[in-house]
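Just one chain follows, in the form predicted on its own, and it is written as structure tokens.
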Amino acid sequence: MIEVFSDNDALNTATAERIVAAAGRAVAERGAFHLVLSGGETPKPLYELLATPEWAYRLDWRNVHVYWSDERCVPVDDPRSNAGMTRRALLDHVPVPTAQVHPLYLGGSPRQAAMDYEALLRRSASGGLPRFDFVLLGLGVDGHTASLFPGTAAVAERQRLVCELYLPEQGMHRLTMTLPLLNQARHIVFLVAGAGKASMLQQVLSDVVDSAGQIPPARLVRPVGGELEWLVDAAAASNLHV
């Protein structure tokens, strides 16, 4: 499903409503809400909205577990850290128990960090595949989502739940949840804003491949038995016929 909003305020309000509704259902049915967040600039205003008194009380934070879809291998106080940004914008302002916040990177080697996170997730699911209640994802201008970048081995991974990767152009190691894990989610929402995303959004939502015959990784996000929504602003939707 694709829904277009006139501006960022409307986009963020609609996304916040979906998170609150999903949390209410999850806590009522299963006693906890397992939420996967993304980094970048697009979701930051959403996190700041959820941190306001008007919204914060609407979630039962005592029963919320927070995860991240991907992370840069930098300390949490580094401005590039997804977990650090989310803490400053949201988590430092709401009563979520510290033990229920699960940052992807806590130091050490990227390989070990990926293995440790996968072990954490498998323990939480009694050894099986975890099924998150709500996953928030973004879209890069190159078609990546999480840290599933075009042409990287992480996109093709089918066994591991969390992978490490190195991006030479960024000079940085990153960690990412893989498609077998993301596609188990009950509800996935892509949050897309800005005219710079319009061309790639059109490509992801069509059958178009790039000049090398590659499918944008974001198109491979297809939850098994779950719901997929694209919530976009008018600028990002400017190339769509909806």
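As the structure is a prediction and not an experimental result, all values here were calculated from the model. Start at 1 with the first residue shown and count on from there.
The protein also exists as the form predicted together with 6-phosphogluconic acid; that form is not presented, and the subsequent description refers to it.
- In the predicted complex, residue 42 approaches 6-phosphogluconic acid with a heavy atom inside 4.5 Å.
- In the predicted complex, residue 178 stays away from 6-phosphogluconic acid, with no heavy atom inside 4.5 Å.
- Taking the partner from the other structure, 6-phosphogluconic acid in the predicted complex has no heavy atom within 4.5 Å of any heavy atom of residue 130.
- Proximity of residue 135 to 6-phosphogluconic acid in the predicted complex: non-hydrogen atoms within 4.5 Å are absent; the residue sits far from the partner.
- Figure note: of the listed segments 86 to 94, 150 to 158, 70 to 78, 103 to 111, the one touching 6-phosphogluconic acid in the predicted complex, with heavy atoms no more than 4.5 Å away, is 70 to 78.
- Residue 174 is the sole member of 160 to 184 found to place a heavy atom within 4.5 Å of 6-phosphogluconic acid in the predicted complex.
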